[in-house]
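The chain below stands alone, shown as structure tokens; this is the form predicted on its own.
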């Protein structure tokens, strides 16, 4: 599965972006989006379009974890969201791998229920929730840094490394 993670400020500007692939089920950790060369811009477009849905859904749930809130059918992408108390949104676009095995084989039956192949399964939602919770803890530690000005882009290589580690751990 390929992932595009972005932290969006209350004024809808991206504060942090990170693209990665699954490390579970034989994944190499590299993102393989279906959009090819334009995947970076297409992912930004899809997530930005989902911000309107987030604004509607956030008032319907008292939880910070909003689960899968939208999908983009042409690429079979799903968008999950986590809201902070200050209205900062953690958005994760996840797209299952396009490669599959032959129908009817044991391998295809096993992979159809794995995290890498089923973006809406309860196991996948739980893994994404765990990832978002860990990133939230990293986010809070970043906000407590006296050298970080709230609302600025996060350029810390340590933050990027810790988000990557959380992605490898949970996704």
Partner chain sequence: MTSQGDGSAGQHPNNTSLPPLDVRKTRSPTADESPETPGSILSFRPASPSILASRSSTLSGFLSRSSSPNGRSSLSLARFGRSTTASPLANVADSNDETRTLIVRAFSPVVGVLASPETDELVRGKGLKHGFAGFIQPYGERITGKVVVRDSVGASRAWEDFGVRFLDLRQIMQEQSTNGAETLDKLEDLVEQYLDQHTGEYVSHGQNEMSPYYRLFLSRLLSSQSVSQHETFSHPVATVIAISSSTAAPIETLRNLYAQTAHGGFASPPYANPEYLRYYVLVHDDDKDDFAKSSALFDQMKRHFGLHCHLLRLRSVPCSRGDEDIEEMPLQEWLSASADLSKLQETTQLIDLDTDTQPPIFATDAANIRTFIRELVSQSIVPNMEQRISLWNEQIASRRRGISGRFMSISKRWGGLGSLTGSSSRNSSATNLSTTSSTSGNYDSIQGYYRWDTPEALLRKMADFTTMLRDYKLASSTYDLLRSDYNNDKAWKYLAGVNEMCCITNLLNPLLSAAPTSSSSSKTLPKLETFDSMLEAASYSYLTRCNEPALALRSLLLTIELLKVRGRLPGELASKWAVRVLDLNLAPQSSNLHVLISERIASCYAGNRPSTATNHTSAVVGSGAVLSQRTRHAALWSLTAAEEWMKLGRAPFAAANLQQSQDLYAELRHNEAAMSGFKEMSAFMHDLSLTVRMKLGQTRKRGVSGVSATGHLVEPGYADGDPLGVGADDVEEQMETLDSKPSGGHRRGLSINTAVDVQGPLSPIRRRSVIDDPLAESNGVVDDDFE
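Positions refer to the first chain, counted from 1. These numbers come from a predicted model, not from an experiment.
This protein has a second form, the form predicted in complex with the partner chain, left out of what is shown; the following refers to that one.
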{"item": "In the predicted bound form, residue 21 touching the partner chain (heavy atom, 4.5 Å)", "value": "no"}
{"item": "The partner chain contact at residue 140 in the predicted bound form, heavy atom, 4.5 Å", "value": "no"}
{"item": "Contact flag, residue 126 vs the partner chain in the predicted bound form, heavy atom cut 4.5 Å", "value": "no"}
{"item": "Heavy atom of residue 64 within 4.5 Å of the partner chain in the predicted bound form", "value": "no"}
{"item": "Members of 60 to 85 lying within 4.5 angstroms of the partner chain, judged by heavy atom, in the predicted bound form", "value": "70, 72, 73, 74"}
